[in-house]
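In structure tokens, the next block holds one chain alone, the form predicted alone.
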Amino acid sequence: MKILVVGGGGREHAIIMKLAESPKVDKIYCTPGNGGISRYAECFSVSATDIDGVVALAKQLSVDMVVVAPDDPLVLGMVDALNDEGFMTFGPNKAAAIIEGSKAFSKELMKKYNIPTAGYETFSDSNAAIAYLKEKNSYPAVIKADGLALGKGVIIAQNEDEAVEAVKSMIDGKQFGESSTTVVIEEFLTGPEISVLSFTDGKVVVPMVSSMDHKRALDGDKGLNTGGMGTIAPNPFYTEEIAKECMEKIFIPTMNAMNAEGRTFKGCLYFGLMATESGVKVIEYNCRFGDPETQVVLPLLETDLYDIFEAVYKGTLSDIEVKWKNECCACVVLASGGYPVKYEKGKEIFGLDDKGQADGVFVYHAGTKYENGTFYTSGGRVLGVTANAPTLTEALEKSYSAIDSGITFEKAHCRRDIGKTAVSQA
């Protein structure tokens, strides 16, 4: 089989390295890819959001399957365009991808079908939103841009001044463009956060191994929100009891709700959850593999990923037994100095072999380029140094040891407390 993967980050690198293990996959292409991905797949320069360009590339390469990994092209309808041309695809169509593309839609869906989530209201008028905030007078308050905002469209306001500023900058100032002309204001929930990615063909939901992301830039969950500074799996807060509760009250009801709305979801449906004192609640849905959650989930997968993708497309997921290794996995992100605000690119990366890897770990490239046999930085999040081991403590030790033994670049930084709360819980 020849497969084209759309995207160019650490998530796509993890998907490609797992697909490369399949005896059924002969050739992998990627667009636009990155330096590390180019060592495992033939890369092209078509943008991940160029629907016509990707369709033309798929035709040119005569591929057997296209995997659309990022949120933007899914929400824009890339899968629909590929399906119209007869391509087998992995990823939801435009009608289903709205579950991430519009937070207002997803909140209304949960309200309509009694799926547990935080209390909320939706606004497109800043004065009405501010009046609501003053009436509630409850802080912290969560203010979310309705549309996609590169994972940065959520403000947790600690007081009225911060909340008013967030509303004005989003709705009136269009801080995130059209994505923030509508906002969702939510009650603030507390409890451990849990990420559960799942495979679904619209008939069954097959949860993957749970994971825990670390969004803040600095140790102790301080600093600005980022796209994710590291992950661990499985998440020790996701007990068997909680897993059962989620399947009964969240996972299956969500699949059924999307079917009832005529928006059958086929692909990877991501559940961002919080285990509150009053039960598990949905913080957000994503219509695709999470990043960097994918980097710790897929290394634990035993079943052939190509077989799963094909079964999701054909609606035969119930015929496959999805198996997982009885291990733990940890991913530590090496980021550029200054990320997530201002950072420099083009720094030479040391400590990697010709494939962009290092002994004893998986090195997933998020923001790299490869020129004349050398890897250079080309983004904020640069590498995800990832390891499997029988215990989480051992997996973390392997990841940090690989970094400390020489995987680095000028002004590189990483959090030193990835998985700390999970280790203490376990």
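The first residue of the sequence shown is number 1, and the count goes up from there. It should be emphasised that the depicted structure is a prediction, and the values quoted were computed from it without experimental measurement.
As for the form predicted together with adenosine monophosphate (AMP), it is not shown, yet the points below apply to it.
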| said: If the cut-off is 4.5 angstroms on heavy atoms, which of these, 76, 305, 274, 157, is the one near adenosine monophosphate (AMP) in the predicted bound form? | reply: 274
| note | in the predicted bound form, the residue from 215, 249, 325, 111 with a non-hydrogen atom within 4.5 Å of adenosine monophosphate (AMP) is 215
| said: Can you work out whether residue 186 and adenosine monophosphate (AMP) are in contact in the predicted bound form, taking contact to mean some heavy atom pair no more than 4.5 Å apart? | reply: yes
| query | Using heavy atoms and a 4.5 Å limit, would one call residue 261 a contact residue for adenosine monophosphate (AMP) in the predicted bound form? | reply | no
| said: Considering non-hydrogen atoms and a 4.5 Å limit, does adenosine monophosphate (AMP) approach residue 193 in the predicted bound form? | reply: yes
| query | Is residue 310 close enough to adenosine monophosphate (AMP) in the predicted bound form to count, meaning some heavy atom within 4.5 Å? | reply | no
| message | Only one of 330-338, 249-257, 317-325, 278-286 has heavy atoms within 4.5 Å of adenosine monophosphate (AMP) in the predicted bound form; I'd like to know which. | response | 278-286
| query | What residues in 100-119 sit within 4.5 Å of adenosine monophosphate (AMP) in the predicted bound form, counting heavy atoms only? | reply | 103, 118
